[in-house]
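Form predicted alone, single chain, as structure tokens, below.
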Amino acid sequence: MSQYRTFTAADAVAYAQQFGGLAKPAALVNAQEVGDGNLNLVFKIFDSEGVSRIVVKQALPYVRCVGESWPLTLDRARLEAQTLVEHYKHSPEHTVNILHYDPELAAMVMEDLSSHRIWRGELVSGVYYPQAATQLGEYLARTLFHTSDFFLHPHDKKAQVARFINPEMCEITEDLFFNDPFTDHERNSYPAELAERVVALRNDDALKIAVASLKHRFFSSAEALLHGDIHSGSIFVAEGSLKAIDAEFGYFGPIGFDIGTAIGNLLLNYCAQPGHFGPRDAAAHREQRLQDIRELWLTFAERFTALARTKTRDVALGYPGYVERFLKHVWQDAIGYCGTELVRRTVGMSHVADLDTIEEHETRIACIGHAIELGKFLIVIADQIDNVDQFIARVRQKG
């Protein structure tokens, strides 16, 4: 892209002044780079009184934690912005508002969420937001239903699938979820104490066949416009509010992938609880995570079903009983993808603070080992779990 340049703080301020939509753009005077992810620059833009007013985000042409040896498409900024714009149409309460985006500069301007906190950090600290799981289920139901065949005209759906083709970012997911953790790959990272368990993943035929099936569906099932990376680090929360951000992995894929990724991150936090609160106090926090998972799924399923019964445009898909059958298949997909999220966050390249911030070494190893075994277990038995209460029982069964 001929006009692309990497923003400095001054560039970000000027960009926000031009495209932030403020009545007095000159009031924006300062920027602070706050990005802690692997792919982007993120600037908070402050006014003369030191109040953060707006955010500028720019995609980098490489993976930040690796460097220029791992190049990335800048088109992901367009895909992220357009995914969030599309999701905002259907769930404005729970999607960050994109005010402007520029595909040439791979940059966007978005609403400031300084009144919110990243949900992962709050979960690690034991701060409970009673509405969050319900609101996440609502967000997923609205965005996934309204971009699915249940709602879109077939011509529109096919055009949308083409518009949101995201091969480079999908390849990252395909590698990090379904390939690397199950092979001896240089990107993998895990404690030496767990090497035998990791080797066992590579040698488990039933597991690898189940993972192959999940990957095949990720390749081929264009069911709805996914967020594509809806983990607790991509969600902001405040009292009574939840907002999804960071959708550069957005594409049309299997609905269960988004559901499973969300559930998987709640389970990662579940596995980490003994490391943050000790064995005795962890029990209550763990129980809360299981109830969050239950609330998330039930809200999603109930809301998706209600939308399907009143807004489905296709005669065949609207036939009584079909949406319930469809959601059974989504549920079993979600369990499998949940399991791959647990494995890739413990064995693969991208880890999570829930586990990595556990200070006591032996406890951290035990918690990571628990997540590996739980993920493996769920992948293999996904088609044997019929509902969320059975799922919770199986999780409890694994400790």
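In case it trips you up, residue 1 is the first one in the sequence shown, and so on. Being a predicted model, the structure only gives us computed values, none of them experimental.
The discussion below concerns the form predicted together with another copy of the chain, not included here.
A.B. asks: Looking at another copy of the chain in the predicted bound form, is some heavy atom of each of F150, F178 and K208 within 4.5 Å of it?
C.D. replies: Result yes, every residue of the spot touches another copy of the chain.
A.B. asks: Which is the contacting stretch out of 109 to 117, 189 to 197, 212 to 220, 239 to 247, given heavy atoms within 4.5 Å of another copy of the chain in the predicted bound form?
C.D. replies: Among the candidates, contact is made by 212 to 220.
A.B. asks: Of the options Y322, F277, Y129, Y88, which one has a non-hydrogen atom that comes within 4.5 Å of another copy of the chain in the predicted bound form?
C.D. replies: The option sitting close enough to the partner is Y322.
A.B. asks: So another copy of the chain isn't shown here. In the predicted bound form, which residue out of A282, L290, C170, L74 has a non-hydrogen atom within 4.5 Å of it?
C.D. replies: The residue in contact is C170.
A.B. asks: R309: heavy atom within 4.5 Å of another copy of the chain in the predicted bound form?
C.D. replies: Contact check for R309: no, nothing within 4.5 Å of another copy of the chain in the predicted bound form.
A.B. asks: Heavy atoms within 4.5 Å of another copy of the chain in the predicted bound form: does L317 have any?
C.D. replies: Heavy-atom contact with another copy of the chain at 4.5 Å: present for L317.
A.B. asks: Is there a heavy atom of K157 no more than 4.5 Å from a heavy atom of another copy of the chain in the predicted bound form?
C.D. replies: Although another copy of the chain is absent here, K157 would touch it in the predicted bound form, with heavy atoms inside 4.5 Å.
A.B. asks: Does another copy of the chain come within 4.5 Å of any heavy atom of H100 in the predicted bound form?
C.D. replies: Output for H100 is no: heavy atoms all beyond 4.5 Å of another copy of the chain.
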